[in-house]
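One chain follows as structure tokens, the form predicted on its own.
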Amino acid sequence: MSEALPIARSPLRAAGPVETRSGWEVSALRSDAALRLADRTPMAKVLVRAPGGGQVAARLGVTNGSARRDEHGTLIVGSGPGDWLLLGAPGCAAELAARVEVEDDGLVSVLDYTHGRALMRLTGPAAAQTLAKLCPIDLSDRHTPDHTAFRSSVAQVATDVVRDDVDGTASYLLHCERSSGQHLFDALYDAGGEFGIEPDGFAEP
């Protein structure tokens, strides 16, 4: 009899019912609320550190403070000077890392952060208003339009925030240390209460 494979679990409590997707226990809940908050922790997360003017930086093609999707659908985030975060489908971290050739004119590191970080998505017309309760950054379209990335304190948690709109609706990905994930999720959910926020289940990117 074959041995059962281990199931990975997010640090965020899954809103029932739950199912197993790509080796992760995830929420199968589906919400059509105007404002939704969903756990995206199972997505592959690869951190790349390289010289800002080197070959890897040129290949990734994303400057600090911005984000874009490449031809594979990977979201490449310029999360800091010389730092990039690659976000892809669950289980593809090794593939993402392999796309980054490490030959460069300086020190390059490629690290799989999938299980060490929490990731969530806040989506809806009131997403910016909700996030503004917890974050000091100006979230207006003029200052933080779609495909903007920044690091800030959100609910007193050091957080990478990426505006990544979905079908023309404002949407933010929030990425933090695994140990702070539930606190950040709960704070966002509380902040969105007046806008009718609901939890949403996991969906492939």
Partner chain sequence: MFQIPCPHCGLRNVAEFRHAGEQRRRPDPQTATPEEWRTYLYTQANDAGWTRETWYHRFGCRRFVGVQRHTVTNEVRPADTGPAPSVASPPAGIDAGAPDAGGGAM
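Being a predicted model, the structure only gives us computed values, none of them experimental. Numbering follows the first chain given and starts at 1.
Below, we refer to the form predicted in complex with the partner chain, which is not included among the displayed structures.
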Discussion item. Given a 4.5 Å cut-off on heavy atoms, tell me which of 164 to 172, 66 to 74, 29 to 37, 146 to 154 is the interface stretch with the partner chain in the predicted bound form.
Written reply: 146 to 154
Practice prompt. Would you check, heavy atoms only and a 4.5 Å threshold, whether Gly61 touches the partner chain in the predicted bound form?
Written response: no
Discussion item. At 4.5 Å between heavy atoms, is Arg121 in contact with the partner chain in the predicted bound form?
Written reply: no
Worksheet item: With the partner left out of view, is Pro125 within 4.5 angstroms of the partner chain in the predicted bound form by any non-hydrogen atom?
Response: no
Discussion item. Check Gly53 for me: does it contact the partner chain in the predicted bound form (non-hydrogen atoms, 4.5 angstroms)?
Written reply: no
Worksheet item: Hey, which residues along 110 to 131 are within 4.5 angstroms of the partner chain in the predicted bound form, non-hydrogen atoms only?
Response: Arg117
